[in-house]
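Encoded as structure tokens, the following chain is the form predicted on its own, with no partner shown.
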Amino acid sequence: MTSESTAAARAAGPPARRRRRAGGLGPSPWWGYAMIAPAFIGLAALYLWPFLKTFTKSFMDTPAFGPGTWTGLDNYTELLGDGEFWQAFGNSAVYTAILLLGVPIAIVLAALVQQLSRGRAVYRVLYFLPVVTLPVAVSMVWRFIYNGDFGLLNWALSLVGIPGQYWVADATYAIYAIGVVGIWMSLGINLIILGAGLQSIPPELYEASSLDGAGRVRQFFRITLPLLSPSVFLVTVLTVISALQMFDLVFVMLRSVDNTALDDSKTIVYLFYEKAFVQFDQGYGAAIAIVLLGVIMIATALQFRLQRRWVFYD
């Protein structure tokens, strides 16, 4: 190395110094923290802080105005002995079971749509329309369909000689009628997820099985379902979480002055709304919210535990 090149290298300094002189950021980790800070602040302000406040309030007796008083586990003790809570929990469980029945329906529909050579995108858009429609608008339309006096459902049943019912005004049918609406609303997103899973299955497997004499039904149970199981698992987890959080359908379809079916058809989230924002018992409502969070976490963890037996990722 000549004396001129040595002097030039010393003037340039070490590589990190040269990068800083050239305007580079350098190896400092603070730039990474600065990049994720807006997202972290948003999550902390919109999720973490409300959760901490709700968790704290669940141990307090909070009046409509003024500070609350610490009561310990009194809200949870009262909750476990509250028959209204257990009835709402049972209604949420029934609604969740009904929505899970929509998963095999979505699997069959997704497989049928996948077999189409034309109009596949049109059918997917039609099934997806309820997802992008406002739940309040959907509830109002279905409330008209379920009307016991002049609803379209009772009119259609009268054509075949079946007597109609007061579907959303009778506690015997209300939660099941809402469950049907929930299945209809969830089909769109389920079809998109399952359709993506079906497209990832190699067509060579179906061709090879056809050469071996396998029919459509055998291919569906031996090839489609096992390879689609990761998508089915995802749909099942999302269905359980959304079903346990259901509120808007009950609020719009059942809430009226003379509808007595609401008292027997409340879900957990509707009971939380009623206690926290109608009766202004925020401490009791916060306890309901924390228990619901625990139920969702347990249900999700149980599904992840059981998926090892029936989900195939290879």
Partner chain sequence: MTEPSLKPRKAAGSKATRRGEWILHLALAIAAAVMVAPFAWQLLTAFKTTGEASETPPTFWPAEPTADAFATFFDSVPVWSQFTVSVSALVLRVVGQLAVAALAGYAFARLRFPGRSILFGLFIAMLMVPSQLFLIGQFELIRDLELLDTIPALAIPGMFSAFGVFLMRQAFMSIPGAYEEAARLDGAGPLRTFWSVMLPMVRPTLGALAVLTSLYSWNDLLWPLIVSPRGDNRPLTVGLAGLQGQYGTDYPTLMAGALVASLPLIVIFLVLQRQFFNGIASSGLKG
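Residue numbers count along the first chain shown, from 1. Keep in mind the model is a prediction, meaning the values are calculated, not measured.
This protein has a second form, the form predicted in complex with the partner chain, left out of what is shown; the following refers to that one.
Student: Taking L73, L227 and F233 as a possible spot, do all three reach the partner chain in the model of the complex with a heavy atom inside 4.5 Å?
Tutor: Heavy-atom distance to the partner chain in the model of the complex: none of the three under 4.5 Å.
Student: With the partner chain left out of view, which of L100, V125, L80, L157 would have a heavy atom within 4.5 Å of it in the model of the complex?
Tutor: Of the listed residues, the single hit is V125.
Student: Only one of T172, S209, S242, Q87 has a non-hydrogen atom within 4.5 angstroms of the partner chain in the model of the complex; which is it?
Tutor: Only one listed residue qualifies here, and that residue is S242.
Student: Is W167 a contact residue for the partner chain in the model of the complex, using a 4.5 Å heavy atom cut-off?
Tutor: W167: no contact with the partner chain in the model of the complex.
Student: Taking the shortest heavy atom distance, is N259 within 4.5 Å of the partner chain in the model of the complex?
Tutor: No - in the model of the complex, heavy atoms of N259 and the partner chain never come within 4.5 Å of each other.
Student: Report whether the minimum heavy atom distance between G32 and the partner chain in the model of the complex is within 4.5 Å.
Tutor: Close contact exists here: in the model of the complex, G32 approaches the partner chain to within 4.5 Å, heavy atoms only.
Student: Is T133 a contact residue for the partner chain in the model of the complex, using a 4.5 Å heavy atom cut-off?
Tutor: T133 belongs to the contact set for the partner chain.
Student: Counting only heavy atoms and a 4.5 Å cutoff, which of 186-194, 201-209, 87-95, 218-226 contacts the partner chain in the model of the complex?
Tutor: Comparing against the partner chain in the model of the complex, the contact stretch is 186-194.
Student: Taking heavy atoms and a 4.5 Å limit, what residues of 41-66 are near the partner chain in the model of the complex?
Tutor: The stretch touches the partner through G42, L43, A45, L46, Y47, L48, P50, F51, K53, T54, K57.
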